[in-house]
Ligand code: ADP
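Below sits a lone chain in structure tokens, taken as the form predicted alone.
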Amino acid sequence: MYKAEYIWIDGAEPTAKLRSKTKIIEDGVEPGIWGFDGSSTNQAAGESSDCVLKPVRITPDPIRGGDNKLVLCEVLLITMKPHPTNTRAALAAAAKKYAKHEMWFGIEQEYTFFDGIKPLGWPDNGFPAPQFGYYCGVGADEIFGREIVEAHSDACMAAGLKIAGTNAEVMPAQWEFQIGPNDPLECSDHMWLARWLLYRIAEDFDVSATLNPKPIPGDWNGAGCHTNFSTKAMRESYPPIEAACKALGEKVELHVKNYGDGIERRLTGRHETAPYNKFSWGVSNRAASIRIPWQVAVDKKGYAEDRRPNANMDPYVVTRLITETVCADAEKRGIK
């Protein structure tokens, strides 16, 4: 027998949370559908509380090891239709509709370690030195939580997730890992699994990891989830990149209101952000809504980076919106 950890996204508002529970399964039997109490996850009423877990991606369990597995699930109603909180189903439909554009994503997940009510390594009273030496820093006086980061990246690799790298971020106790490039569904699935592994591994160190977009008010960087994207056409020539930027500029309100709760606290126009209510794009500009990397401008092909999504964004929602906006515009312009 082996343990299968069933993982799903709940109905918490305004930001969904991860849930999981363990099922013991006979050897040789694959994880199948399972149920849970939706009244305890804001996904059902008490008098009709059953919800269904449908496995959508299964990986080795790097924490338990052996033949144990992690089982990422969609939430369904008992009619086997997608639950209203199931944002993956809409992404799957969009990815299928625009499959010919071969959309790729790479997501940069920022997060902050907390020790109780303060960021890990911060003094009990007052603040650490101002931001400067922490980004990609080294040394016990500037870097806090590296052992957790190493354990997390090792776990992601062992689970077969497409983790691309890690680095310390601008605010002390803040870190980042990257997932991708891969297609919208795989990238989003891997991000949710990587988040679950981050929370679970941090448990063993008595530390919590938060996706709060502005964990400390004042002159400290917030936490984002910069989303890099490209179509096949963007990877082959430059005009489709500019066209994608312009298309996103035509749907600013739709995107921003779905890019994570509290976005106005982070996108202030300071700390490497553009104001949430103003749209801009430019080459090598980290104060723009959309950044085109300088190497992309030199090569005249590649990708663009949407810098607006919050750390607490739902990757299923963000990748769907970018896919729909960019690909629909490409079809309108006759870009293949």
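Quick caveat, the model's predicted, so the values are computed rather than measured. Quick note: we count residues from 1 along the sequence shown, nothing fancier.
Keep in mind that the form predicted together with this ligand is not shown, yet the notes after this line are about it.
Work out which of the listed stretches, 286-294, 43-51, 60-68, 273-281, brings a heavy atom within 4.5 angstroms of this ligand in the predicted bound form. This holds for exactly one stretch, 286-294.
Using heavy atoms only and a 4.5 Å cut-off, decide whether all three of Q178, R235 and E305 touch this ligand in the predicted bound form. Looking in the predicted bound form, the three residues Q178, R235 and E305 all sit within 4.5 Å of this ligand (heavy atoms).
Would I107 count as a contact of this ligand in the predicted bound form, using a 4.5 angstroms cut-off between non-hydrogen atoms? Result yes; I107 sits at the interface with this ligand in the predicted bound form.
Classify Y111 as contacting or not contacting this ligand in the predicted bound form by the rule of any non-hydrogen atom within 4.5 angstroms, answering yes or no. Result no; Y111 lies far from this ligand in the predicted bound form.
Can you tell me if Y259 lies within 4.5 angstroms of this ligand in the predicted bound form, counting non-hydrogen atoms only? No.
Does any part of A90 reach within 4.5 Å of this ligand in the predicted bound form? Heavy atoms only, please. The answer is no: A90 has no heavy atom within 4.5 Å of this ligand.
Just one of N86, S153, N228, N212 has a heavy atom within 4.5 Å of this ligand in the predicted bound form. Which one? The residue in contact is N228.
May I ask you to choose, among V252, I143, A164, V207, the residue with a heavy atom within 4.5 Å of this ligand in the predicted bound form? The residue in contact is A164.
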